[in-house]
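Take a look at this one chain, the form predicted on its own, written out in structure tokens.
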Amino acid sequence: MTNRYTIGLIGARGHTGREILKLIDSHPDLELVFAASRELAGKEVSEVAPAPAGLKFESASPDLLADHQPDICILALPNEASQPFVDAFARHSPKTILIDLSADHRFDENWAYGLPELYAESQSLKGARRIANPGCYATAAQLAIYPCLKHLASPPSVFGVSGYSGAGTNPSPKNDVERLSENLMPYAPVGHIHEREISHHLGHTVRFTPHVHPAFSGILATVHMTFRAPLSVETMQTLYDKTYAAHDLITVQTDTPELKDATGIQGAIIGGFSVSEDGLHGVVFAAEDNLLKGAAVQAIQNINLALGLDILSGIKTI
């Protein structure tokens, strides 16, 4: 195939890296030319996920950018680890489109914020060269709150539950399967970085409490909102129907989604609309796979927009 765009992946060891490799392999316009991981250096990439035959992992060092100048590169690195690589691209390959999956540039005005269903135009994602991928919880919460944003009387409250893959592959209590068995683990009850991210990009204070569940993947966000004036359930659902009518990866439904409903799907499900008797208190639920719409699928959406391709190129709809 001609006119394929070359792409690299730095930080391929984690769960999200594997999903990204699968999506790149199935994308008609992308060609993987390198993948980097300190732990996997020297191994065949195809041992982890579909990849070109003979391609081996390289060591994840900024020095590798002296040899690679891809059209696009995804940085799937821990928080506070991306800047040396960003600086190396600026020196060796300034035209490369960078997609940063960490939180390092989500508050940086020099980087577009890549939640395309809400901010494709305002963030100028089409043709962008530096894109910060949103956090997984931040994606679900913003999708759930945004249609009602103008009706809010106070900060909405988000009760979030995620599978343990969101804690990454480095051992911790949040991905300890034995500790999580038949358990629900709360953490970071105030000041979680996703709380700040959600509030910053919505322009409205949000309260957020995350929890880890023993499922491997999937996110369920329960959002409570207080309205300035009464809303009916029908009016509330109409707001969501209109907001997401043109977005194939977002399903709006009457029924309440469950965490397992989102496992393995490419988009997000929003539903379960409920309103108090006086119409001033509303509840909505959002479900997504934290590894897919919460990370890998969203990265591919952003790449497609940056390249001027169909936003769903290489992505299956729900």
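Heads up: residue numbers just count along the shown sequence, starting at 1. A quick note: this is a predicted structure, and the numbers were derived from the prediction, not measured.
The discussion below concerns the form predicted in complex with a small molecule, not included here.
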Checklist line | Partner-contacting position among A90, A81, L149, A188 - heavy atom within 4.5 Å of the small molecule in the predicted bound form | finding: A81
Next item on the list: Could you spot which one of A60, V283, L259, L32 gets a heavy atom to within 4.5 Å of the small molecule in the predicted bound form?
Entry: A60
Next item on the list: Please determine, with the chain shown alone, which of 250-258, 284-292, 270-278, 46-54 has non-hydrogen atoms within 4.5 Å of the small molecule in the predicted bound form.
Entry: 284-292
Margin query: Can you tell me whether V206 touches the small molecule? I mean in the predicted bound form, with a 4.5 angstroms heavy atom cut-off.
Written below: no
Item checked: is_contact(G114, the small molecule) in the predicted bound form, heavy atom dist at most 4.5 Å -> no
Next item on the list: Flag S124 as yes or no: does it have a non-hydrogen atom within 4.5 angstroms of any non-hydrogen atom of the small molecule in the predicted bound form?
Entry: no
Margin query: I'd like to know whether Q266 contacts the small molecule in the predicted bound form, with contact meaning heavy atoms within 4.5 angstroms.
Written below: no
